[in-house]
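One chain comes next, on its own, written as C-alpha cells: the form predicted alone.
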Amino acid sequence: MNERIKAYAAAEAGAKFESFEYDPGDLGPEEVEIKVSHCGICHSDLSMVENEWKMTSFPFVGGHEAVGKIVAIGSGAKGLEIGDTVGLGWNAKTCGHCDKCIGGYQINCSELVGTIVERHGGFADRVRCNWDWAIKIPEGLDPAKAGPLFCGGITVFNPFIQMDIKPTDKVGVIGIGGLGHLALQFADKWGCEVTAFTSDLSKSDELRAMGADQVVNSRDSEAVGALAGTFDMILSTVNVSLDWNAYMKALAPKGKLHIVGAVLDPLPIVSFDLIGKQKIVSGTATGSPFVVRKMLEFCARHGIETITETYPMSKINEAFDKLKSGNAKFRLVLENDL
C-alpha cells in the first residue's frame, strides 16, 4: 500500500490552504518521487488557487518550484538515482516522442502535463513527475534558493536562448520583481548592456548592483521614448498594461519585444511598427529540460542566485498574504516542516 502524501490544499477558489492528505497510487514506470525540502511560491500559484485561468481542479495542491531528494524511482526512469537532489518546475510530463519533444521543444508538446494542472504539486512532503523533468541541481547552487529557478528563472533564461541574444546586444528588462531580478543577472552575466525598467526608482542602486547599467521609470513614456532605436530585446515580466507603443519605438531594427509576463489585456501593436524596422513581438514559457540544465550550469558558474524570503510550509497562508501584498523580496520559498 502506498504511503499517503501530506500536503496543503485549497478546497475552493480563493480559499486558504489547509492540511490535506492523498493516496498517490502506484509509482509509474517512468516516474520519480521527490521528498520536498523547499518549494518556491510563484504568482502562477496565486492565479491557480484563485482560478483566474479557469483551469484549476480542487482540492488544489499548488507548488511548481520544488526541490528535494529522489526517494523512489520507476523501472523505466533514466539517469537518476535515489538520493539525487533535483528540482521540478511547471512541467511534470511530456510524451517524449512527438516532433516537438524530439526537436527539443518539449514545452510545446500537445500532451504536456503541468505539475499543478489536474494533479497535485509541491506544497507537500513529496511530489512526483516523469524522470526527464526532474533536473539535477549542480554543485555550487544552494537547494534552499534554487526552487524559483525552475519556473521564474527558466522563464526569463529561455528567451536568451530562443531569441539568439548575443553578448554585444542591448537588453531591457521591464519589471524587476521575482522574474526581473533574475533576468537582470542573466543579461549582465551574458555580457549585455542592461537597462532596468521599473516603477520604483528607489531600488536603483540595488538594481545596478544586480547588473543594470541604467535604470528607467517603466511608466514614464517620455523617458522610454528617449531611448528610441536602442534595444535588441526588451523582456517584459509584468502582468499590467504599459505604453507598449513607446517600448516598440525603443527597439532597434529587428529588435524583439518579448513577453513572459501574463498581461491579460490585448497589446495594441501597430502593424507599421513591425513592418518598417522588422520588429518582432514574441513570447515563451519556461523551457526544455536541456535549457533548464544549461540555466543551472550558468547560475553555478556565475554565482547567480534567487533573492528569497523563507517561510515554514506550515505558514503557507502567511506567505501567500505576503505575495498578495506585493512586498515580497523577491521570491518566497516554503521550507518543508510537514
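Just count from 1 along the sequence shown to find any residue number. Note that the coordinates shown come from a computational prediction; the quantities given were computed from them, not determined experimentally.
The same protein has a further form, the form predicted in complex with a further copy of the same chain, not shown here; the description that follows concerns it.
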(request) Go through C95, L227, A262, V117 and name the one with a heavy atom inside 4.5 Å of a further copy of the same chain in the predicted bound form. (result) A262
(message) Quick check on this chain: which one of K189, K100, R208, K136 has a heavy atom within 4.5 Å of a further copy of the same chain in the predicted bound form?
(response) K100
(request) Given a further copy of the same chain in the predicted bound form, answer whether the residues S199, S204 and V240 all have a heavy atom inside 4.5 Å of it. (result) no
(request) Examine T284 and determine whether its closest non-hydrogen atom to a further copy of the same chain in the predicted bound form is within 4.5 angstroms. (result) yes
(request) May I ask you to state whether K254 is within 4.5 Å of a further copy of the same chain in the predicted bound form, using heavy atom distances? (result) yes
(message) How about S57 - does it come within 4.5 Å of a further copy of the same chain in the predicted bound form, if we only consider non-hydrogen atoms?
(response) no
(message) So, I107 and a further copy of the same chain: in the predicted bound form, are they within 4.5 Å at any heavy atom pair?
(response) yes
(message) Heavy atoms within 4.5 Å of a further copy of the same chain in the predicted bound form: which stretch in 213-221, 264-272, 73-81, 176-184 meets that?
(response) 264-272
